[in-house]
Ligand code: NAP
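In the form predicted alone, a lone chain appears below as structure tokens.
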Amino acid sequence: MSVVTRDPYSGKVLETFESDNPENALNKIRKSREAQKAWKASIDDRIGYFREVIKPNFEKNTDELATIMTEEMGKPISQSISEVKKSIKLLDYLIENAREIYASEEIKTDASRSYIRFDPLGTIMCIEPWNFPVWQVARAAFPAMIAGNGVVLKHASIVTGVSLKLQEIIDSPLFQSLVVDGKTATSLIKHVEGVAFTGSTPVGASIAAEAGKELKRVVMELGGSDPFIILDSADLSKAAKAAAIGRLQNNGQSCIASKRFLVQEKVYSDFKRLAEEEFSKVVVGDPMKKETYVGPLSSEDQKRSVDAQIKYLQSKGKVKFFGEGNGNIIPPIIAELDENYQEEIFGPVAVLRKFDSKDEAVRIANETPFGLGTSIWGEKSDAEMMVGDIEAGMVFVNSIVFSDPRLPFGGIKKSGLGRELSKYGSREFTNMKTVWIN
């Protein structure tokens, strides 16, 4: 069996890769596990390897890795380069903070000494999607590795080239890329100690169920239908500019992209006008051109899925296109809707809806099965009063939702389990071991 990758902009075949059969995949897990025995011994050695090998390799390969990413899944090249550089910043964070993150924590008790150790679990399987094919691997795999674990990566098939390039860059038997389908990956869960998954809620639920049978540790970063709330005290010009970035980045294919724009009735018309101006400025087209901000969706299947959602919105409200689409490209779109729309749209489509009071805004924001991130725009104290009632793992005031190595990343409800990043997420794949000494 082989995997074929295609350029979603031109439609051309990029490369054909041979898949791993189940035994080959299992041997890769064994190879990572064997390397992990020595890797876990010294955090100084691990930090040294991150500093002296992994970071320089990423820096040398930034342009090549970004190009593979753009060719395989259509992300505009300027955003691909930024994604690689953001992953390097995560390396810097871990190199600087790993000793503190994983240091034993002394706890005063009746013992002569008592403390908590953060020991690695073993080998972690990272099952990652195509939309941020470097960053999402980095934020799952790098903390697990520097904690002392081995890692095997099952990447989305359409970014197999990225997956194998990451293995080359990391350059360690500790990190192995599995070229397998989802069914094979699921069958291998029993051979690892934990699973990090980023992707859709239905697939995440099935993987978590399989991991649950084996009582394996899981971190699930799943879908979102993030609200972007504009209060009448907001700076509408800044909010409109942020709306274009927050909705259209990565061609609209982001779990934390702002998707539902809830606008206080008093400023609805003004915000809509400003948002339309910003959407109309966006350069749409060839993702290899640095000025392009919206390129093709990742595949024909993805394009068909978003087209179906657009048709539904057209049947229920007003839909305005900003530019022309061709091939797998969908231009920026603003849709106005008066009803509850819960589906996650993985494309450059902003859905606007009015609200009257802050209480109504919170109710609408929460009327979704998802709970990943929320962005609130308005006078600071005004906006911050709403934070406690928002059902989400992250709330950003006067900013789009984004991931930062220093802060925990993740959601609640059907948006996930556990956290990534920060000291909290970086400890997810450790054994928090209690030690009591008399």
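Numbers follow the displayed sequence, beginning with 1. Quick caveat: nothing in here was measured; it's all calculated off a predicted structure.
This protein has a second form, the form predicted in complex with this ligand, left out of what is shown; the following refers to that one.
Here the chain stands alone, but in the predicted bound form its contact with this ligand, taken as any heavy atom within 4.5 Å, falls in 136-144 among 287-295, 89-97, 136-144, 161-169.
Among residues of the shown chain, G199 is one whose heavy atoms approach this ligand to within 4.5 Å in the predicted bound form. Contact annotation for G122: none of its heavy atoms lies within 4.5 Å of this ligand in the predicted bound form.
In the predicted bound form, N131 approaches this ligand with a heavy atom inside 4.5 Å. Not displayed here, this ligand is kept clear of F175 by more than 4.5 Å at the level of heavy atoms in the predicted bound form. Proximity to this ligand in the predicted bound form, defined as a heavy atom within 4.5 Å, singles out one entry of I329, L188, V203, V218, which is V203. This chain lacks the partner; the member of I376, I68, L372, V401 within 4.5 angstroms of this ligand in the predicted bound form by a non-hydrogen atom is L372. For the partner-free chain shown, I207, E221, L222, G223, G224 of 207-233 come within 4.5 angstroms of this ligand in the predicted bound form, judged by any non-hydrogen atom.
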